[in-house]
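Before any questions on how it binds or moves, here is one chain, the form predicted alone, in C-alpha cells.
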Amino acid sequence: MITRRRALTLASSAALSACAPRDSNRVTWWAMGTTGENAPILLPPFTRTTGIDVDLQAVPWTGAHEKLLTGFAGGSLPDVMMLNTGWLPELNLLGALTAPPPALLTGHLPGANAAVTIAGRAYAVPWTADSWVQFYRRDLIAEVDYPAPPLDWAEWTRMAQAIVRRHPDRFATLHLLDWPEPLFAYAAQTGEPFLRDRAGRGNFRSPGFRAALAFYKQVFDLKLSPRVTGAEAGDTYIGLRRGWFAILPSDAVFLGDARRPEHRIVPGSWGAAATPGPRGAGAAMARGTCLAVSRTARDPAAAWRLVAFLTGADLQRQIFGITGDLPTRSRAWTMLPPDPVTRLFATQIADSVAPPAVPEWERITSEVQQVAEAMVRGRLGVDAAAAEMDARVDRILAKRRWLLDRGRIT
C-alpha cells in the first residue's frame, strides 16, 4: 500500500518524467466505476465540437484511491481525474491539483460546492451528488403493516423486529461490515461533528455519535442484519430481489444498477425512504464526485474545456439517465423526472453536511469502521468502541495537531 509520504518521495524523482511530451490535442482522463464504464457514450460530441481527443481510462472504484497516489508518485496522473470528494483534501495536500476557473463553479448546489472547497478555495468542479437512503421491498414492508420504513430509530426497530418474526430465516436489512456509510449516515443525523479541536482530534465519544453507535450495534444484536462483509454477502441486488432481506441502505448507484439486466429488480416492487434518525430524518452525509485537473496537465485549458463539457446541466441529466448518478447543477435537477425517489434525494442532498475536509478522512473512516466491526462481533461495548475510535483517530491526526500548533495550516 502506498502512503502519502511515500508518494511525495517518489514524486520528486518522477518530476522529470512528468515533463515528457505527450500527444498534442489530446486530453487524458481517468473515470471511476460505472460512470467510467459508460463515459465513452458521452465523449463524441465533445471531440466533434472541440477537435480534442480524449484518452479515457475506466478505473474500478476498488483500488482507485491507491492508483491515484501511485500515479502521483510516478508522475503519471492523467490531465483530468474523477475523484470521490472525500479524497480531495489529500490530493490537494500533495500538490496534485490546480484550482478551477471560477466560472465553472456557478450554478451548482451550495452543498456540492462546499464539498470541493478547502480553506475557502475550490480545487475541483462538482460532478455528481449523492446521499445514502433506504431502498426497500414494498411487499415485505407491507406484510408487517407499514407503508414504508419509519424514519425514527425506535419505530424502525419495531418494524424490523416484526419482519424477522414473520420470516425467521431472513433479515430485515443488510448492513455490510466493511461499509462505513450506514454508521456515518446515522451519526450525521445527530448533528454532532465527527472531529473536534480544529479537526485535530476525534469526537467519537460525543453523546450523538455514541447514540448512533448503539443503534448500529443493536441492528446486529437483534439479528436484524447478518454479520457479513461484502465478499461474504455476494450480489446484494439479487439478495434484495429474492427477499433475503427487506431493506438495503445504498446511494443513488442503486437507481442505475437496479435497471441492469444482471441485477434487474422489478420496477414498482421497491421504494426509497430517508435514512432514519433518533427523532426522525435529519441531516444527511454529503457524498459525491468531482472532476479535477492535474497540476502537471500538459494543456490545462483543454483539460478545463473537458471538465466544463462534462459538468454542464445537459450532460448531468444524461448521466442520470444512464447510471442514476445525481446532478450537482440546480438546472439539471429541473430536467429530472418528478418522481418520489428523485424528490427524496433532492431533499436529503439539500439538507446534508460535508465530511471534515482533512486529508486523513479516508483513513479515519476505515479505522472507525474496523473498530465498529470489532464491536459488532462482540469484542467491544459501545463506550469502549467510541474510546478506541478516538484513540486511533487522535494518533492519525498527531501530525495535523503539530502543524496547527505552529500555524503551518489552519
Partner chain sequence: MTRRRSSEARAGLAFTIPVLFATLAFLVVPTVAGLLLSLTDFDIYALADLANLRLVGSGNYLALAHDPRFWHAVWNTLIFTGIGVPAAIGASLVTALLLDSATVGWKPVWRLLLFAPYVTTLVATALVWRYVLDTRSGLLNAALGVVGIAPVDWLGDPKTSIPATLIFIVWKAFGYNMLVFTAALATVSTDLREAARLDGAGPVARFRHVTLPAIGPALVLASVLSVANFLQVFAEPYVMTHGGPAQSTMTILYFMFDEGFTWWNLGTASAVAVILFVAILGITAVQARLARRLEWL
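Positions refer to the first chain, counted from 1. What you see is a predicted model, and the numbers here were worked out from it, not measured in a lab.
The following text describes the form predicted in complex with its partner chain, which does not appear among the structures shown.
- The stretch from 373-381, 339-347, 44-52, 26-34 that comes within 4.5 Å of its partner chain in the predicted complex, counting heavy atoms only, is 373-381.
- Residue in contact with its partner chain in the predicted complex (any heavy atom within 4.5 Å), chosen from A103, A231, V266, A301: A231.
- Interface residue among L255, A297, A73, L140 relative to its partner chain in the predicted complex, by the heavy atom within 4.5 Å criterion: A73.
- In the predicted complex, L222 stays away from its partner chain, with no heavy atom inside 4.5 Å.
- At least one heavy atom of E66 is located within 4.5 Å of its partner chain in the predicted complex.
- At a distance threshold of 4.5 angstroms between non-hydrogen atoms, P359 is in contact with its partner chain in the predicted complex.
- At the 4.5 Å threshold, heavy atoms of Y146 stay clear of its partner chain in the predicted complex, well away from it.
- Contact here is defined as any heavy atom lying within 4.5 Å of its partner chain in the predicted complex, and by that definition not a single one of A211, A387 and D390 is a contact residue.
- Contact annotation for 382-404: residues with any non-hydrogen atom within 4.5 angstroms of its partner chain in the predicted complex are R392, R395, K399, R400, W402, L403, listed in sequence order.
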